[in-house]
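A single chain comes next, written as structure tokens; it is the form predicted on its own.
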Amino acid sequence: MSVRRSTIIFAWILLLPALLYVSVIVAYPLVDTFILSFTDASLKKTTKWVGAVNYDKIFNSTFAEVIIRTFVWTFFSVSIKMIIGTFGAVMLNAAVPGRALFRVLTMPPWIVPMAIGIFMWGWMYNGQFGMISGMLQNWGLVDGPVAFLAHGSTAFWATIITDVWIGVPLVTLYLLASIQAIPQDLYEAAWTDGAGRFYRFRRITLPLLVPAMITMSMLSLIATFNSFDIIWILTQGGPNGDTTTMIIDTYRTAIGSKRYGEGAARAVLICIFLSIFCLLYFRVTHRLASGESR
């Protein structure tokens, strides 16, 4: 056996655990879900092949509204998290007294178990004994109790605020670590040339922070797009479906209504959308890397 062949065999042996993991944990469920989406699988009858009927049902129903709502919910949630997280990272990087304490205080929303944090926000949104409604009444801004989760528009934004509260600490700490990785020599040279704080942020911090912001935006987008706990605990997709996103609708169809074939079709669409996002992310990062190498 030649040295080249033995090297190739050894390389495949090293890759075997990763290949088994991808095949069993990732590839098989994806393929099985894709096949299931072309059947009428349910709890009550024998599974039959129905072709693209499940996808026809999706596009001939109100699911288009659910898709739009999911994109809007994800856009606002990720955008707000990135804006607050970037601002917080810059502030936490500033040389101010008590900086370490402020960094620690950003952690609780991320450390507290998600379900407990969501229940806490649900209590604050309550119209009868919630803190937010009580404060608004005490300040004279409203005449009576406000049940934020009972109305579509307020419930929609209430779920976004809760998601932002949970997600901001991770964004902040990630971007803070990226800022601290920027060479201090650049700031010292700019300061020597008389550059002000805003100019240094605009010309040094922000351009070097863009790759980290893109990566964090992508990770946040995937997590937010697939977010289930927040909406389900607060509203279960209500009222009147005004907070129903694709993941909530998929759960209701597949698990709640036991229509596994239709639920699988919805899951396939979610996978397609997220795959498109990932491809766009890889394309953008490749362009950035190509630009830096020139």
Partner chain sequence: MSQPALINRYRWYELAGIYAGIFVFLTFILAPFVEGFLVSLKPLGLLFSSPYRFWPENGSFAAYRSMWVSVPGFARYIFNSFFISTIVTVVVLALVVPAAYAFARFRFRGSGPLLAAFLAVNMFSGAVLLIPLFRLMRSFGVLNTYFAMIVPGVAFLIPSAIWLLRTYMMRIPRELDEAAFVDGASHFYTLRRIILPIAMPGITVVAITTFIGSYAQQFIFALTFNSKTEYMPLPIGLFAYFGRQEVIWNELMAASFVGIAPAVILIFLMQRYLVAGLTAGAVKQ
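Residue numbers count along the first chain shown, from 1. Just so it is clear, the structure is predicted and the values come from calculations on it, not from any experiment. So that the term is clear: the rigid core is the largest set of C-alpha atoms that superpose within 1.5 Å between two forms.
As for the form predicted in complex with its partner chain, it is not shown, yet the points below apply to it.
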> Each of Val112, Ile161 and Ala254 near its partner chain in the model of the complex, meaning some heavy atom within 4.5 Å?
Replying inline: yes
> Would Pro97 count as touching its partner chain in the model of the complex under a 4.5 Å heavy atom rule?
Replying inline: yes
> Taking heavy atoms only, is Tyr55 within 4.5 angstroms of its partner chain in the model of the complex?
Replying inline: no
>> With the partner left out here, check for me: in the model of the complex, does some heavy atom of Ile84 sit within 4.5 Å of its partner chain?
In response: yes
> Taking heavy atoms and a 4.5 Å cut-off, does Val50 contact its partner chain in the model of the complex?
Replying inline: no
>> I need to confirm a contact call. Of Val72, Leu105, Val142, Leu206, which residue comes within 4.5 Å of its partner chain in the model of the complex, counting heavy atoms only?
In response: Leu105
> Here the chain is shown alone; which of Phe201, Tyr174, Phe156, Phe76 has a heavy atom within 4.5 Å of its partner chain in the model of the complex?
Replying inline: Tyr174
> Can you name the residues of 244 to 270 that have a heavy atom within 4.5 Å of its partner chain in the model of the complex?
Replying inline: Ile247, Tyr251, Ala254, Ile255, Tyr260, Gly263, Ala264, Ala267, Ile270
> Has the Cα of Val26 moved 2 Å or more between the shown form and the other one, judged after a core fit?
Replying inline: yes
>> Given a superposition on the rigid core, I'd like a yes or no on whether Ile9 shifts its C-alpha by 2 Å or more between the shown form and the other one.
In response: yes
